[in-house]
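Below sits a lone chain in structure tokens, taken as the form predicted on its own.
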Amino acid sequence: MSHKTCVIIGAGEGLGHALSRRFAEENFNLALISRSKEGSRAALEEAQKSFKDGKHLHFFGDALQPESITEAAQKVIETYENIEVLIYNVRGGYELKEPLDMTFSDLESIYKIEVVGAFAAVKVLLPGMIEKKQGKIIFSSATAALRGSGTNPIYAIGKFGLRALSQNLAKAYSKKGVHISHVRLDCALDVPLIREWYGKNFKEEETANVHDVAQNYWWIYLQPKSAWSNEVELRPFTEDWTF
């Protein structure tokens, strides 16, 4: 029997590489989809080190071009026999502006990145899971999915849409054996970009370790059908929170 396959869209050097390592440690093949192979180099290397006999490959896909996500997902189906997990780990940028300063292009772009790109992958990969009556789909999200912002509205709009997509899919297809979960990361992650942004003000204890986050994704995968979580929130012990 072929090894199970985990598809990660948005497999960068932060959470993406930690997810790649965690699932490879459990003898999963990794199909990594991103805008460039170089961008997924760390994730690919982690998979190769963690499961040397696995079939770990990179496929081009850009959420701003949803058709490319469709094409990548179709190539994944042609390459792997047993696709068990899909993780959509893509996010839009943090562009500070007031709502009236948003442009039509801003809204179109964030909708493609957060919602249309996710749907493009699901539309190709979910039918196979339904046919097998098993599979896991996990969306990486944020507390912005529950709370609007007067200064960062674009990001919130995108995450609101992603959460709606996740809930719609869960309500429609959970009963057909597919577990769909929306993970809200209510924190900054300890990734190179965050360390660069914070500079001297960076404090490790105020961020979430990406390998600890990846472990939680693995626990979601292990959840039995009688007790599935469709909404999960994660934050470090130091986080001030309101939801």
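Quick note: we count residues from 1 along the sequence shown, nothing fancier. Every value quoted in this text rests on a predicted model; they were computed, and no experiment measured them.
Keep in mind that the form predicted together with a further copy of the same chain is not shown, yet the notes after this line are about it.
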Worksheet entry | Partner-proximal stretch of 40-48, 27-35, 54-62, 172-180 relative to a further copy of the same chain in the predicted complex, 4.5 angstroms, heavy atom | 172-180
Fill in: D212, heavy atom within 4.5 angstroms of a further copy of the same chain in the predicted complex
yes
Discussion item. Using a 4.5 angstroms cut-off on non-hydrogen atoms, would K132 count as touching a further copy of the same chain in the predicted complex?
Written reply: no
Worksheet item: So, in the predicted complex, is S2 in contact with a further copy of the same chain at a 4.5 angstroms heavy atom limit?
Response: no
Worksheet item: Would F160 count as a contact of a further copy of the same chain in the predicted complex, using a 4.5 angstroms cut-off between non-hydrogen atoms?
Response: yes
Worksheet item: Which residues, if any, of 225-239 lie within 4.5 Å of a further copy of the same chain in the predicted complex when only heavy atoms count?
Response: K225, S226, A227, W228, S229, N230, E231, V232, E233, L234, R235, P236, F237, T238, E239
